[in-house]
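A lone chain, given as structure tokens: the form predicted alone.
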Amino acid sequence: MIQPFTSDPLRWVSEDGQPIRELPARFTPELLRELHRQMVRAREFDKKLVTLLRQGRTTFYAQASGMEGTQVGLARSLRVGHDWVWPYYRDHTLGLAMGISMMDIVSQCLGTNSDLCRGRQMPHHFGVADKRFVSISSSIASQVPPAAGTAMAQKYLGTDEITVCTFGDGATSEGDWHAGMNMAGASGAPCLFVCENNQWAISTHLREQTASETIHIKAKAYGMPGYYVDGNDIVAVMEVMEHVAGRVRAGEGPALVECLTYRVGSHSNADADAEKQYRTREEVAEWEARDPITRVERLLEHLGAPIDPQEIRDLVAAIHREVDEAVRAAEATGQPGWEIMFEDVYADKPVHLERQEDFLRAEQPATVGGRA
């Protein structure tokens, strides 16, 4: 039975790969291998994007290595393209696991013509309409009130959709978070709030930003259940998320799930050096030993279906080729021109914008063939 407000995180698999509850029948070696592949794919994508950042081919990136169990587990519990997702800026693993193409994410990070956002959004802040994955924002907790509003609309319209809103632990110290939680709780909106608690809001540890013992306990203030799960145990994440999503979809109101996890990399490229000053090597090493990918590998060993090391090396090499091809294809489309400032904004372009566009066009230097 999955109960809310537990004192310890719910867990199905220990850090050494031993089941500590009866393993649900659906977690066959085949499914566990697929989950492992998705997590490794996201981890290697993470590494490759850091390389692009260091090469100056993009200007911002927020790593998610160490958090794959939470994000892949959540993705497997959604009705992709049916439910709405209001993500936060570290959710590319969630996006990949939902089926968003690597090409779309890479194009957005590079700001090329193949970018669905047309190069207008900050790098690593993608959105994909057909997945109902709303564009990421860097303003902390700014996605929470509109997520609550989306869920209120779903209730009003009587759909069987739900809204999923993710955020880091730092967002729970923002006024927008409390406002959105209160709106959803008061209206009974079908919203699943997910705190990806990686324990650091840039350089501020969780203990320094809240006196609350945990995040999920805060759900009591808004009249909703709060669940506490080991975010590095993908079996636990999937079991809890599917249970809670089913509850929300059945019209029982919103819920909050706190996934206890850890980002082993820096907050972003902005603090790549500073993070060595606010976190100890021992702390990072302790959480690296709790790696969600390693836990699945150990579970498969326990089940008598280990993954051969060569198989993992081949998988990593294939993922590197996939990322490299996405980068080449994205860069081959070129950079957006100045004209995009006047496109996709109004159905009927106002006269003042037409005049501005004509003025800028006249100012462009002549090119081969006489075009301006």
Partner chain sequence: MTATQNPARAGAGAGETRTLTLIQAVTEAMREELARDERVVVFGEDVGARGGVFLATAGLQAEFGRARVFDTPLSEASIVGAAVGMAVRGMRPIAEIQFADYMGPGFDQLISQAAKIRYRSGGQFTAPMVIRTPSGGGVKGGHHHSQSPESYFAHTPGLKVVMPSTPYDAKGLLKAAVRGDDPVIYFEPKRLYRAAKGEVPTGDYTVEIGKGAVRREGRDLTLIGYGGVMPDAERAAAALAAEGVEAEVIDLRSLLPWDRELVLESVSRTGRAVLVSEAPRTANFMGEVAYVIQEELFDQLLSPVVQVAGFDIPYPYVQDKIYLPGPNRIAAACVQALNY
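By rigid core we mean the largest C-alpha set that fits within 1.5 Å across both forms. Numbering follows the first chain given and starts at 1. Small disclaimer: the values here were computed from a predicted structure and weren't measured.
Below, we refer to the form predicted in complex with its partner chain, which is not included among the displayed structures.
The partner is absent here, but in the predicted complex a heavy atom of Ser137, alone among Ser137, Gln199, Thr294, Ser77, sits within 4.5 Å of its partner chain. Of the listed positions (Met122, Leu300, Val264, Met103), a single one reaches within 4.5 angstroms of its partner chain by any non-hydrogen atom in the predicted complex, namely Met122. Residues with any non-hydrogen atom within 4.5 angstroms of its partner chain in the predicted complex fall in just one of 242-250, 200-208, 228-236, 95-103: 200-208. The closest non-hydrogen atom of Ser14 lies beyond 4.5 Å of its partner chain in the predicted complex. Proximity of Ser114 to its partner chain in the predicted complex: non-hydrogen atoms within 4.5 Å are absent; the residue sits far from the partner.
Contact annotation for Pro190: none of its heavy atoms lies within 4.5 Å of its partner chain in the predicted complex. Within 4.5 Å of any heavy atom of its partner chain in the predicted complex lies no heavy atom of Phe167.
Within 4.5 angstroms of its partner chain in the predicted complex, the stretch 86-100 places a non-hydrogen atom from Trp86 alone. When two forms of a protein are overlaid on their rigid core, residues whose CA moves 2 Å or more are considered shifted, and Ile20 is not one of them between the shown form and the other one.
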